[in-house]
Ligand code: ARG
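Before any questions on how it binds or moves, here is one chain, the form predicted on its own, in structure tokens.
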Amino acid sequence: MEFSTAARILMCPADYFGIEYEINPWMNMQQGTNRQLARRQWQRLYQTLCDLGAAIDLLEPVPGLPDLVFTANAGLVFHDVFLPARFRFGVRQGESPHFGKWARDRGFTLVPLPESMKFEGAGDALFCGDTLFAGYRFRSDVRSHHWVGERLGVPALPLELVDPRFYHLDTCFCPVAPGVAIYYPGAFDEYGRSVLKDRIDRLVEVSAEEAVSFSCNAVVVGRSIVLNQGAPKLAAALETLGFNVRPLEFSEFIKSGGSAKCLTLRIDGEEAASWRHAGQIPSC
């Protein structure tokens, strides 16, 4: 398959998005979501990414799969390889065939993890430079990250998540360039914080107040960063570093435990990734 320097992103329209079950502390079936507002918020993100020059590939929404909209959890892309997620909860496992078909139709080589492992894709596995930072405990397990690192031939650093509100790594950590990332320290144990400080040159700390607005769940396209509008301090810090910040409203998706990053999967790999090694990863 051909590769491009332009950002390539997978999204799924929010036609059937809603809170139909509860699998994280944010979800409340009685509260529910405003479906029309959710669609408008999704459309605004889609248009913003298009305006930034990203090429968007759309996955067809499916009734009964409300979280299909969170394409970040589909799997992990590395070159022309797609490692599909193995979801922890049964209510999300029905998404996997749709993500798998999309990947095969686009020419990716699927490399599935062993059935005994749990792995929720780019929700828990994010490259910063050549290193894969991997969150575990609530959704993915540490064995899966070791397996992925060995399979791809990249250093993988598992980080234990300790706050159930931040159940995926992408809810509390976001690489914005090689050697630069934003993070919420309270989501990690002491060892995890020390790993991040040791391995990433520039860490931008997010306050607890802004972290709960899912400000770390951001989408990076070049020097532009799209994040939830409830994080003025983080936005100012990023602008000081020379980034162009695009705040948008994601209130309906936050009710389900997601925001901008959750709604996207980088088909060309994460923005901060450094793809230096050519060649395919053989299938199992």
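All figures in this text were calculated on a predicted structure; none of them were measured in a lab. A residue's number is simply how far along the shown sequence it sits, counting from 1.
One more form of this protein should be noted, the form predicted together with the named molecule, which is absent from this view; the next part is about it.
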Worksheet, complete the sentence: Checking 184, 167, 99, 127 against the named molecule in the predicted complex, the residue with a non-hydrogen atom inside 4.5 angstroms turns out to be 167
Discussion item. Only one of these stretches, 230 to 238, 31 to 39, 45 to 53, 253 to 261, has heavy atoms within 4.5 Å of the named molecule in the predicted complex; which one is it?
Written reply: 253 to 261
Worksheet item: With the partner left out of view, is residue 144 within 4.5 angstroms of the named molecule in the predicted complex by any non-hydrogen atom?
Response: no
Discussion item. With a cut-off of 4.5 Å between heavy atoms, is residue 92 one of the residues that contacts the named molecule in the predicted complex?
Written reply: yes
Worksheet item: Hey, in the predicted complex, is residue 23 touching the named molecule, heavy atoms inside 4.5 Å?
Response: yes
Practice prompt. With heavy atoms only and a cut-off of 4.5 Å, decide whether residue 135 touches the named molecule in the predicted complex.
Written response: no
Response to the item:
Within 61 to 80, the residues having any heavy atom within 4.5 Å of the named molecule in the predicted complex are 67, 70, 72, 73
